[in-house]
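First, one chain by itself in structure tokens, the form predicted on its own.
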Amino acid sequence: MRPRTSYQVFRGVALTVVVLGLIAPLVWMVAASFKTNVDIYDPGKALAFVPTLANYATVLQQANYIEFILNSLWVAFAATVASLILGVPAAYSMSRFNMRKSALVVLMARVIPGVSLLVPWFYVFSNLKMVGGFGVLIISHMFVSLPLVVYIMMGYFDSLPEELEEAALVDGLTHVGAFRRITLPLSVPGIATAGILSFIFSWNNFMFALVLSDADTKTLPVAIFDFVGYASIDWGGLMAATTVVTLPIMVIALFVQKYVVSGLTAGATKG
């Protein structure tokens, strides 16, 4: 019993250290969003301070962040839906017809650094007069969302027994009908997982929107940079804006984590 008790103590201490290390920056961020810049620089007011909502008023009213939030929602939603529409049938075809080489080419997009594509993209989309529009942002976000959908759904389709589709074909359905009526309803957990992860990526994306957006299509992560000046930084406004970006995704992650886990593990076994 003694070694077991020692292991439990060690595990508890290790988990506590890891959790505190992850939560401490978030706690500081939220606390700083309710402080003035003077209080943020004062170590004596790290815990004891008079909270203020002025930073959130700046973010939500003066800085017009409602428009940036709507821009982020639209780009993330459109990129996620488009990636699912293209990626789910593609993943099904690659899974059922053993197109592993084609799948490897698609998944290479997960390896290529996105920053290496920014200059070619900017050149191409500038000539097409698309820079600054929502279309170019959606396409650029799909560069990572689409391979992610294909990667997740291939594993999920591999786990579904092919006998179900064969039975549907015997009953008179076509391959498309079997996919639409049998396979697709069974793959809803995997689709939900891929959609959630794609939405989170698109919501948090900064690099593509920084280069390819303009003042009207600016997304929330890029808008945060408005609080960073040449000679000074509005830390209170910056922390409030960061909290506005972070909290919605954290709430979504807490509520849908069980679906994400179930969707990922469902494709981990065959049959």
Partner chain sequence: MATTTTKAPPGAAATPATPGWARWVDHHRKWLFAAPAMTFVAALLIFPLAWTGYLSLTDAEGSVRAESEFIGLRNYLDVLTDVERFWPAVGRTATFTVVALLFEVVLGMAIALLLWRPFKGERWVRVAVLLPLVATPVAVGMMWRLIFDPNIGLANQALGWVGIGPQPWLAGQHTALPTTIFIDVWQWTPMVVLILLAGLTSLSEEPQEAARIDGASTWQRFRHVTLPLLMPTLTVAILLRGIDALKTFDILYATKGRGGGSFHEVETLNVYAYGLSFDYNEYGVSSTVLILFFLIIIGAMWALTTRRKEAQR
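Bear in mind the structure is a predicted one, so any value in this text is a computation, not a measurement. Numbering follows the first chain given and starts at 1.
One more form of this protein exists, namely the form predicted in complex with its partner chain; it is left out here, but the text below deals with it.
Proximity to its partner chain in the predicted bound form, taken as a non-hydrogen atom within 4.5 angstroms, holds for one residue of 200, 182, 191, 78, which is 200.
Out of the listed residues 73, 164, 186, 99, 99 is the one that sits within 4.5 Å of its partner chain in the predicted bound form by at least one heavy atom. In the predicted bound form, its partner chain sits within 4.5 Å of a heavy atom of residue 235.
Although the partner is absent from this view, residue 134 stays clear of its partner chain in the predicted bound form, with no non-hydrogen atom inside 4.5 angstroms. Taking the partner from the other structure, its partner chain in the predicted bound form has no heavy atom within 4.5 Å of any heavy atom of residue 69. Contact annotation for residue 60: none of its heavy atoms lies within 4.5 Å of its partner chain in the predicted bound form. Taking a 4.5 Å heavy atom cutoff to its partner chain in the predicted bound form, the contacting residues in 185 to 213 are 200, 203, 204, 206, 207, 210, 211.
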